[in-house]
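Just one chain is shown here, as structure tokens, and it is the form predicted on its own.
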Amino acid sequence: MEFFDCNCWYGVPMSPPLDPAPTPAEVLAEMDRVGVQRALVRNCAVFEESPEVGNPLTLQAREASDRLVPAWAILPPQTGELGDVATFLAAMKAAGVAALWAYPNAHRYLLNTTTFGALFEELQDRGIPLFLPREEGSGGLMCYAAANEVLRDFPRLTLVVAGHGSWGEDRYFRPLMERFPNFAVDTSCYELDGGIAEICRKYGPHRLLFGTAFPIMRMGGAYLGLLHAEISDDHRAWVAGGNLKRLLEQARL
């Protein structure tokens, strides 16, 4: 069974965590310590500065190891910072990037059809996953409200909310799982007793992606939580890495 972390980053932000991961080497060391085989990573500059800076820096992770798979972040195409939609998609293809992150609070934009309609249409049709973190200061309500607004217009879009609160936010995300077939959450801070098993039973194992939120959190917590969840080994394998692997392989660049 392969563990493939969907949610970790490296670099030194302005307010670093207690034990930061300045370079890809620290990510790999933590992966080896815990037993995680691969990770979808981004440089913290994608949210601390701008994707203009962070996206190219993130590609350095792949140079460090093919176990590290780079993901980019988006900006409104109207500002021209990352080019128009066609230019941005061509850059993704050239770089071999098959997953994206959105930071509407950090970068001060509205995550909606008015801003990203043309891009989201392409992501939906191409099967490219979009990750939406529960950003510091934005609150869970804003995160899920944005997810709901996007999915109402693009119901086939693969959208993953990452890093939700440890107290359990099922009342926010279960309605989205019920209505939108490609909506999922990561497991990095999902500590609700029996929550993983209940989601697998009610909505299927494809609605959860193993994530750790490293280096904010240590990888071992999410690893242990999934390892001891009361689910079948088949479901555990899908959550641990099978789901993310499938999403990246199905993305049409």
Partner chain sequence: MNFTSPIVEEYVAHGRSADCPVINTHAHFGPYKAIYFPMDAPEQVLHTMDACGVRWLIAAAHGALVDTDRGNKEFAEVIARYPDRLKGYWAINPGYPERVVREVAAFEQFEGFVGFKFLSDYYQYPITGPNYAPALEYANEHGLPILLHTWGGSPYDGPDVVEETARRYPNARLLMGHAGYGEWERASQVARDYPNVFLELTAAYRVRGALEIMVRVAGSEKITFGDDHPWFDPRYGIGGVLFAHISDEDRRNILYRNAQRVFGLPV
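Positions refer to the first chain, counted from 1. If you're wondering where the values come from, they're calculated on a predicted model, not measured in any experiment.
Heads up, the form predicted in complex with the partner chain isn't pictured, but that's what we're talking about next.
Complete contact of 85, 121 and 127 with the partner chain in the predicted bound form (any heavy atom, 4.5 Å)
Not one of the three qualifies.
Pick from 53, 59, 64, 224: which has a non-hydrogen atom within 4.5 Å of the partner chain in the predicted bound form?
The option sitting close enough to the partner is 224.
Can you pick out, from 170, 153, 81, 178, the residue that has a heavy atom within 4.5 Å of the partner chain in the predicted bound form?
When the partner chain is considered in the predicted bound form, the option within 4.5 Å is 170.
Contact of residue 44 with the partner chain in the predicted bound form (heavy atom, 4.5 Å):
Outside the cut-off, so no.
Just checking whether residue 174 would be counted as a contact of the partner chain in the predicted bound form - the rule being heavy atoms within 4.5 angstroms.
Output for residue 174 is yes: heavy atoms within 4.5 Å of the partner chain.
Give a yes/no on whether residue 234 approaches the partner chain to within 4.5 Å in the predicted bound form, heavy atoms considered.
Taking the distances in the predicted bound form, the answer for residue 234 is no, it never comes within 4.5 Å of the partner chain.
Is it the case that residue 220, even though its partner is missing from this view, gets within 4.5 Å of the partner chain in the predicted bound form, heavy atoms only?
Residue 220 belongs to the contact set for the partner chain.
What residues, if any, in 192-211 have a non-hydrogen atom within 4.5 angstroms of the partner chain in the predicted bound form?
Those in contact are 192, 193, 194, 195, 196, 198.
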